[in-house]
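Okay, here we've got a single chain as structure tokens, the form predicted on its own, with questions on binding and movement later.
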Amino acid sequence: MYDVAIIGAGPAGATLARLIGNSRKVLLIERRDLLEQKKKNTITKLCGGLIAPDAQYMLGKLGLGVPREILAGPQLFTVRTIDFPRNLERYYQRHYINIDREKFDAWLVSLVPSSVNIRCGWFLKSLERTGDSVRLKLTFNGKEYIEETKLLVGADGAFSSVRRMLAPKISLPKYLAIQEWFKVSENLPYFSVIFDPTITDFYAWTIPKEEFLLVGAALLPREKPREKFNLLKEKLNNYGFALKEPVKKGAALIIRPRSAAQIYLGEGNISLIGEAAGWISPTSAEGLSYAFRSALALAQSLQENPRDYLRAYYKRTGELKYNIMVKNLKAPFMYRPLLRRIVMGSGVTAMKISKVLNGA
């Protein structure tokens, strides 16, 4: 029997396994193959691959520095904000670390202690509480396996199997994120954020990534998302982006908590971290910093109060819930057209981009 079984080896799950792996018998389950880098993964995570300042802070707090081989060019220092309906454009200073997301996740898994049993390519089929333990039914290569654990942690993302099995009636607002990769001859060094209510009430984006441009949008699943995404590409082409046929496509569900009450951390001997719990920014869909913070909070709770760790985890994440609440209060200034027009029109905190000067 394991002390802790973690479902999901993304940033939240891998970080928790790294923090507790030397003091407990830990099982780490992951659908993707993050151990064999030479193999081409059949499952990839849809992500823009940017480490925002909040996540950079948490990497520093965890004593980590990003290896050079994980970086992807260009490194970004500017957000280009575009409001299509108002024909407004502003530039704001903000530093993002541009990375290869699959390599980043594999690197985090490589930091997990060798004592942790890591199983990649495995899936959780069902869970059942049996007295003081949790029985897991897992599948690998078409075969079923049974494991038991004293504590179970769901770190399996926005569409968490653990959350759906544990609390099927507790749901979060969901968006369908669609992203396509386009080969380009020249990339502008900006992370572009695009607002257009005819496409989505959230936002769309472009991210330069070496010789590619990533184009994505968070779309309402029931409002013809594919048509809306095609409309986005059409508007981007008219705006000066040269988008031809994509070389890669992807789609995934993402969540957008509207209140702190929608965050669910678990019950009994089952807990949730990262997006599985609902930890993600409701204004930007940034999830890395929340993954790190929730994993650290749970690890500290397990260490300091193992008999009542879940209560301690709830307490330690009170500040994170407050953070979600504050971001929801700020959201109207970004997503309500009139307020956004006032903010962008004022030019407050915006920067001017200097052009290359010709002549002496």
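Don't overthink the numbering: it's just position in the shown sequence, from 1. From a predicted model like this one, the values you see are computed outputs, not experimental measurements.
Keep in mind that the form predicted together with a small molecule is missing from the display, and what follows is about it.
- At a distance of at most 4.5 angstroms from the small molecule in the predicted bound form, all three residues I7, D156 and A177 contribute at least one non-hydrogen atom.
- The partner is absent here, but in the predicted bound form a heavy atom of L253, alone among V79, L253, L88, L71, sits within 4.5 Å of the small molecule.
- Contact with the small molecule in the predicted bound form, judged by any heavy atom within 4.5 Å, is made by just one of L302, M58, I324, C47: C47.
- From the list 312 to 320, 58 to 66, 23 to 31, 329 to 337, the contact stretch for the small molecule in the predicted bound form under a 4.5 Å heavy atom rule is 23 to 31.
- The small molecule is not drawn, but in the predicted bound form it has no heavy atom within 4.5 Å of L152.
- Among heavy atoms of Y264, none comes within 4.5 Å of the small molecule in the predicted bound form.
- When the small molecule is considered in the predicted bound form, G287 lines it closely, a heavy atom lying within 4.5 Å.
- Although the partner is absent from this view, A204 stays clear of the small molecule in the predicted bound form, with no non-hydrogen atom inside 4.5 angstroms.
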